[in-house]
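As structure tokens, one chain now follows by itself in the form predicted alone.
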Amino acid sequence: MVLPLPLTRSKPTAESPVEFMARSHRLRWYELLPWVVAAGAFLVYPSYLALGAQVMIMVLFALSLDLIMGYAGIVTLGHAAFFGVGAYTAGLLAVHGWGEPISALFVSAAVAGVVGAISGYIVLRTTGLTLLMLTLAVVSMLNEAANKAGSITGGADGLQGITLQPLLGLFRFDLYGRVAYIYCALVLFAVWLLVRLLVHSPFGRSLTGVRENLVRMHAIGAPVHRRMVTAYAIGAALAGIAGALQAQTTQFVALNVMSFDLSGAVLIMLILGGVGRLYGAFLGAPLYMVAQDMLSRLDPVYWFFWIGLLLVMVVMFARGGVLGVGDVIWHRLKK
């Protein structure tokens, strides 16, 4: 007599790293929303394109900080140092005859990345309050150096005389900001694709591991300091691109591009949108700039108090920023 074999349910096979990477890189429909909004704003608000270009520059700047702080867990108060290095590099190149904008972006990114790698190699050997103070010291030193080198940077009067060639030799930067808007949108899109690729790569996963459990990453033999310095340098290079865009689209570089105020502002933008979410920058930067415009008109003297109050409310009641609130609402609707 032959007994039937018992029916057994096969266990699901574990997902391979290649399959996980492919699933992580899959583009979702909602990831296209910022670009749909950008295209719609170009058509609907043609008189606000110059402001739109500045918003996208700040989004790019906040995105570079998110790579450092949101994924690598490096809290910094001196990220504006790299924004300023990129701005001054692009501005000085244009002043001295190198007016081709795209190649100047690459040079600015390289210079800011080198500054980020050198400073990161030193400051990232520390943690906590010491790290915060050292990053603040870096931006303060570079700001004072730019102020003292007035014959080169223009000092407190700013760097003037920036003249750019037409983009790709065809499109001149116009007074209405059309070319600048499209230029900033395309650069932001390219940087977003790069950052998205990085955070879903094994390198990005290792940065998340460093953020979540530094001791365990040391225990498994991961090169923690090297990974952190690499992430810091990449974030610095991206911030340099944002600074270069600022210099090219405004054709002026003020001393405040390398200030603690700007470092604090981009930090607030990221916290408002959501840290470590890749898309917090796309929400936080526009929200901050709109709130700044509205509050400065309502209360020109104490408008920054209301910004601070807004930040306190977000930290207390919406710790994940706007994206965190959206997650809570979405999960409740699904129940």
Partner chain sequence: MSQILPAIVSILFHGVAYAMILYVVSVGLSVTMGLMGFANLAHGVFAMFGGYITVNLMNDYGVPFLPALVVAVVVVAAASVVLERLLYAKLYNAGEIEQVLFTIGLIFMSIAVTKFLWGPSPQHLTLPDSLKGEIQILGRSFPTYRAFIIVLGCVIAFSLWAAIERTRFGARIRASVDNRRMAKSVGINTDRLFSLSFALGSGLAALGGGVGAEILAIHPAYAIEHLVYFLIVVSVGGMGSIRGPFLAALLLGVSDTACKYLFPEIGAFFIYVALFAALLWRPAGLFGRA
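Since the structure is predicted, the reported quantities are computational estimates derived from the model, not experimental observations. Numbering follows the first chain given and starts at 1.
Keep in mind the form predicted together with its partner chain is missing from the figure; the text below concerns it.
Asks: Just to be sure I understand the contacts: of 107, 191, 136, 117, which is the one whose heavy atoms reach within 4.5 angstroms of its partner chain in the predicted complex?
Replies: By the 4.5 Å heavy-atom cutoff, the listed residue in contact is 136.
Asks: Of the residues 268, 53, 278, 283, which one places a heavy atom within 4.5 Å of its partner chain in the predicted complex?
Replies: When its partner chain is considered in the predicted complex, the option within 4.5 Å is 268.
Asks: Within 4.5 Å of its partner chain in the predicted complex - does that hold for a heavy atom of every one of 132, 141 and 308?
Replies: So, yes: the whole triplet contacts its partner chain.
Asks: Taking heavy atoms and a 4.5 Å cut-off, does residue 126 contact its partner chain in the predicted complex?
Replies: Heavy-atom contact with its partner chain at 4.5 Å: present for residue 126.
Asks: Contact between residue 304 and its partner chain in the predicted complex at 4.5 Å, heavy atoms?
Replies: Looking in the predicted complex, residue contacts with its partner chain include residue 304, since a heavy atom lies within 4.5 Å.
Asks: Any of the heavy atoms of residue 260 lying within 4.5 Å of its partner chain in the predicted complex?
Replies: The answer is yes: residue 260 has a heavy atom within 4.5 Å of its partner chain.
Asks: May I ask you to state whether residue 69 is within 4.5 Å of its partner chain in the predicted complex, using heavy atom distances?
Replies: Looking in the predicted complex, residue contacts with its partner chain include residue 69, since a heavy atom lies within 4.5 Å.
Asks: At 4.5 Å between heavy atoms, only one of the stretches 158 to 166, 182 to 190, 109 to 117, 69 to 77 reaches its partner chain in the predicted complex; which one is it?
Replies: Selected range: 69 to 77.
Asks: Which residues within 311 to 331 place at least one heavy atom within 4.5 Å of its partner chain in the predicted complex?
Replies: If the 4.5 Å heavy-atom criterion is applied to its partner chain in the predicted complex, 311 to 331 yields 311, 312, 315, 316, 319.
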